[in-house]
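Below are two forms of the same protein chain, given as structure tokens: structure 1, then structure 2.
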Structure 1
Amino acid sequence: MLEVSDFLVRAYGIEIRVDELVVRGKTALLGRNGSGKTTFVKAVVGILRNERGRVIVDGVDVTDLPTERRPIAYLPQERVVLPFRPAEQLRYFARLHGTDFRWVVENLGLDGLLAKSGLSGGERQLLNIATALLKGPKVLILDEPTQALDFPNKVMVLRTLRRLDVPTVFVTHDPLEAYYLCDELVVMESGRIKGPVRNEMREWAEEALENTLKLYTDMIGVEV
């Protein structure tokens, strides 16, 4: 569980104030451009310093810990390119965290990427999501993780995230993604969080995604 309380951070000309945010399952963080979503999550993971407040993970105060020691896996919005071939990257981080990379390869459909040297933007994002999961985090924070993905790959990633039993903050501009994946939704506006609101649109979102995916299946034979 992630708890953020009495939180204040000022960065990039934005002031973020959060009285309380508790994430037990999967929480979507929605908001317009410039509302402060990315600034907030960077402060939660320790990239930016908060002036006041606490970040607690499973009852442990991690506010003063450096980013690498917080039991949080974070995938930033910015494109991440590491100096590894795909298979090398997964093996390296699996050894670093003492985990097995084969389950993420299977669940994210990465078999075809392992031997490649040059990846598209969508393929690179799939690889980075897999790398984040190898940390075995107690909390997962994803900032617009599907923005570079085509629709079938987006559905694949969302399905995988739904199966994970990890408290997740999912930053997105897409309400359909939020409705499909998350248990509750919060909205950030001008540095303030409003909500949470319980997600009562999941069945509608599931139907919308599956119907759209069927177009790909029928027209070009894509299977997810």
Structure 2
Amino acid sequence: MLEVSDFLVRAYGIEIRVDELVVRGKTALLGRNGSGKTTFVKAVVGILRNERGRVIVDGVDVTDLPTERRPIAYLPQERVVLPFRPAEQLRYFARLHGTDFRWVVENLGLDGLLAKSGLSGGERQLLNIATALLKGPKVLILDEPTQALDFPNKVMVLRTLRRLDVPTVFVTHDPLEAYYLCDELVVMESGRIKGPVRNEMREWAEEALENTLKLYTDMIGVEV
């Protein structure tokens, strides 16, 4: 569980004030461009310094820990392409964290990915999510992980994320994705968080997503 309280961060010309955010399952952090979503999560991860407030993970205060020592895995907004083949990347980070990468591959169903060399945008994101999980995080923070992905790739990533059982902050400005994936939704506007509200649109989102995907399958033969 992630708890952020009495939080203040000033960066990139914006001031973020969050009285309280508690993440137990999957929480969507929605908001318009420039509302402060990325600045907020970067401060929670420890990349930016908060001026006030605490970040608590499973009851442990991690506010003063550097990014690398926080039990939080973070996937930034930018497309990250590490210079490894898929299996090599997982092996490298598994060794770094003294773990085995096979459980991640099995849990996320990534067997087909390991032997590939040229990954699609969606496959690249799945590989990075799998890599992030090797840290054994207690919280996962994903900053617009489906940004710039085409629809089938987006669905592939979202379906995989639904299988994860790690408290997750999912930053997005796409309500459909938020409805499909998350249990709760919060909205950030001008550095302030509103919410949370329970997601009661999941069935609608599932139907909308699957129907759209069916269109792809029928019209251009794309299978996800």
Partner chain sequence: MERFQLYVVVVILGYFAILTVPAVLRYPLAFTEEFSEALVNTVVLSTISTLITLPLALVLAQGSLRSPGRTLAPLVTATVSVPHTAIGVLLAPLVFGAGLVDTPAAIVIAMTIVSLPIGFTALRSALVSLGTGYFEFLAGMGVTGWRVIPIAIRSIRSAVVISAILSWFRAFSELGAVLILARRPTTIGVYIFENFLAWGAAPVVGGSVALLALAVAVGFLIERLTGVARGK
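Take the two forms, superpose them, and find the largest set of C-alpha atoms that agree within 1.5 Å; that set is the rigid core. Computed from a predicted structure; not experimentally measured. Numbers given to residues start at 1 and step along the sequence of structure 1.
Note on provenance: structure 2 matches the form predicted in complex with the partner chain.
When one rigid part swings against the other between structure 1 and structure 2, the hinge lies at G136 among V155, V105, G136, G34. C-alpha superpositions between structure 1 and structure 2 give a turn of 15 degrees for the smaller rigid part relative to the larger.
After superposing on the rigid core, the C-alpha of G121 is displaced by 4.5 Å between structure 1 and structure 2.
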